[in-house]
Each structure stands twice: as structure tokens, then as C-alpha cells.
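Single chain ahead, written as C-alpha cells, the form predicted alone.
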């Protein structure tokens, strides 16, 4: 993907679907986060506007926030696997690669390496988004090996704590004691320590979050992607409840997310010294640029 690839000539626009033309003209491509970021959701053409996921699904909400938080959506590729999330991710106007169950991190390893070789002078971001089953159960070995090898891309686990796409089986990330349709007596063992595994395996930036604060969520996503570009593997463990399998009324989905923020998904942000240096440098440069822009506007008003 690139701006050149997706932008049609003016003469050809009238032959294209209206949605595509609006996406090019009013979408987030080539724009700053100030123009088309989470703070302005609803004021620009988003790359994800429709999906077939369940009503009230927190995962669908997070995926929408994810796409709005991308620092360079026009140069981003997402990868996933079987699971609820791919129903929405595949509907976005950002390239999506759908792999065999659990191999998204193996594919992302090769893709991110290829991008750096093919486009050494450009920033191409690779992000995997998969459920707890695809990331920590069936895809566990490939997830771990990509981290151990220090692959430069971001892994996001959409943790709904169940195999919601296949009938309600327990997963390694289901909490101990959870009673599910296919775990009627309750899960027997504890939830896997995903963030600790990520740190041990070499992730340089790790976040655990319940996405109730849209700005904090977007900031974590952006930091993870920017650090992965330069340093190494980054990981976001996000709570995305399955209101169907856990019988959460639609109107209480966000309340549940806030409750989990005080429990299993209390906010945690870990970074290595090298990752911290990258974050401080980039955010410092952005702060200076905003200050300079604000100063220029004041001068224009005065003149």
C-alpha cells in the first residue's frame, strides 16, 4: 500500500464507487493524527465503518479504535487467523492477510523482513491481530518464536477469554473457574500469564489494557507500532469481552470492561530502556512540532 497506489486520477474518480472516492478524499490516509485520529472519530471517513460482528461486541469497538490509531494506515498491513476479529479486520480499507490457524506471527516475521529489504527507505508497519486461541493456544509456538527472534512487528491479542467463534470452548486465557457452554464444570487451571511470557521472550514494549479510555488505548497502539519499527517485538494484551458466551447484556458491556480494568486487566505498561528512548524521542519531536505549529497560527492571527 501507498498513497500513490490508492489515489486515482481525477478523470477516473467518476467511474469508481462513491465509498472508495470518499475514502481517498476524506479518509485518514496521508493525514496526521491531529486530523484523522481517535480524537476526531466521526469527523473523517474511517477505514472501518461496517462489520458483521455481534451487537455490543467490545472487540469490534477496539478494532475500530485500532484503525483510527494507526500512525500510517496507508503503509500498514494486518495479519490474522480464524476467529471473531477477522470478521471486522477484513472489512477495513487496510490490507489484511488471513492465514492458517495460529500462523499469523510466522507470516508477519517473513513479511516484516521482506518490507525492510524491499523498501529500506520507507516505514512499513506490520501488525498481527488474533484472538486468545490464535495467539496463545494454537499459535503459541509461532508467537513465542517471533518474540524470541526479535522480529520487528506488533502483536495484538484480542482476548475475549473464550473460543467465541466456535461454540464457547475454554481457552488458555479463560479465567480459572469460568463456566462456559463447553466447560460446564468450570475451567480447572489459571489464566496464562501472557504479558509475563512476552517480557521473558524478548518483547521490548508490552501493554495489558481494558480499552475503556480511548486516548490511552490509542497511545499504547501507536507506541507499540513505533517501537517495533526500530527496536523489536511489541505486544498488546487487550480485553475484548465476548458478551454472547459470557452472557453480558449489550448495555453492560462497557461497564464490564471497566470492572475488568480493576481486576484481571489493570493497566500495565512495560518498556525496555531502548524502547523508552525511542518513545521519548518521537513524542518529544511531535510535541515540538505542535508547539511550533501553534506559534505559527498565533503569528498569523496577529498579522
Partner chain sequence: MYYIAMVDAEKCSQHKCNICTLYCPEANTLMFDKAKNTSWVDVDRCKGCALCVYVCSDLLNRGCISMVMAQAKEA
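Residue numbers count along the first chain shown, from 1. For clarity, every value in this text was computed on a predicted model and none was experimentally measured.
Note that the form predicted together with the partner chain isn't included here; everything after this is about it.
So in the predicted complex, is the partner chain close enough to residue 45 to count as touching (4.5 Å, heavy atoms)? Result yes; residue 45 sits at the interface with the partner chain in the predicted complex.
So, in the predicted complex, is residue 53 in contact with the partner chain at a 4.5 angstroms heavy atom limit? It does: once the partner chain is placed as it appears in the predicted complex, residue 53 has a heavy atom within 4.5 Å of it.
Using a 4.5 Å heavy atom cut-off, state whether residue 244 contacts the partner chain in the predicted complex. It does not: once the partner chain is placed as it appears in the predicted complex, residue 244 has no heavy atom within 4.5 Å of it.
Are any of the heavy atoms in residue 60 no more than 4.5 Å from a heavy atom of the partner chain in the predicted complex? So residue 60 counts as contacting the partner chain.
Quick check on this chain: which one of 35, 251, 268, 263 has a heavy atom within 4.5 Å of the partner chain in the predicted complex? Of 35, 251, 268, 263, the residue with a heavy atom within 4.5 Å of the partner chain in the predicted complex is 251.
155 to 163, 213 to 221, 189 to 197, 170 to 178: which one contacts the partner chain in the predicted complex at 4.5 Å, heavy atom to heavy atom? Of the options given, it is 213 to 221.
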